[in-house]
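The form predicted on its own is given below as one chain in structure tokens.
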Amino acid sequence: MPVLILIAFLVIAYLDATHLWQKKSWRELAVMGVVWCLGLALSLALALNLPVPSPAQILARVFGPVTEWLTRLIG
């Protein structure tokens, strides 16, 4: 399964990156590279049954102190 995921991501990267490279769209190519890497890492982690942190936990950590501060400010 991880090999199929890797092949699929390489095909997607080849198809998209060559078009962006020819148009010299460097910013779009950089963003595509970052998103591509994140997607590949997440896909491989899920395929290998590795623990993947929930985005809700990350958001709760980030916005938890802000929510407490606003509650104290308003309440």
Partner chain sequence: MREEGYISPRQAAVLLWFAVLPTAILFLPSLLALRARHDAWLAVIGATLAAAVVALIVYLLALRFPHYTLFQYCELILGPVAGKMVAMVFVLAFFLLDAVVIREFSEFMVTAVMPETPALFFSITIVAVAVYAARNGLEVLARCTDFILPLMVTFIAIVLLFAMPEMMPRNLLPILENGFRPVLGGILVAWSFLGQVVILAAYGAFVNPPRALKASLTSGLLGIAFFLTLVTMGTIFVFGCCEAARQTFAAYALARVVSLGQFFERIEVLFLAIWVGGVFIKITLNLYVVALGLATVTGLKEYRALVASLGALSVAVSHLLYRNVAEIRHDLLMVEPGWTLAWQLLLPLFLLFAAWVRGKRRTGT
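Numbering follows the first chain given and starts at 1. Since the structure is predicted, the reported quantities are computational estimates derived from the model, not experimental observations. Rigid core: the largest C-alpha set superposing within 1.5 Å between the two forms.
The same protein also exists as the form predicted together with the partner chain; that form is not shown, yet it is the one meant from here on.
Partner proximity in the model of the complex: Phe63 to the partner chain, non-hydrogen atom cutoff 4.5 Å: So Phe63 counts as contacting the partner chain.
Close approach of Val52 to the partner chain in the model of the complex, 4.5 Å, heavy atom: The answer is yes: Val52 has a heavy atom within 4.5 Å of the partner chain.
Heavy atom of Met1 within 4.5 Å of the partner chain in the model of the complex: Close contact exists here: in the model of the complex, Met1 approaches the partner chain to within 4.5 Å, heavy atoms only.
Contact test in the model of the complex: Gln57 vs the partner chain, heavy atoms, 4.5 Å: Contact check for Gln57: yes, within 4.5 Å of the partner chain in the model of the complex.
Residues in 32 to 51 with any heavy atom within 4.5 Å of the partner chain in the model of the complex: Going through 32 to 51 in order - heavy atoms within 4.5 Å of the partner chain in the model of the complex - the hits are Met32, Val35, Trp36, Leu38, Gly39, Leu42, Ser43, Leu46.
Rigid core fit then Trp21 CA moved by 2 Å or more between this form and the one not shown: Moves: no, less than 2 Å.
Val62 C-alpha shift between this form and the one not shown of 2 Å or more, rigid core reference: Yes; Val62 is a residue whose C-alpha shifts (by 2 Å or more) between this form and the one not shown when the cores are overlaid.
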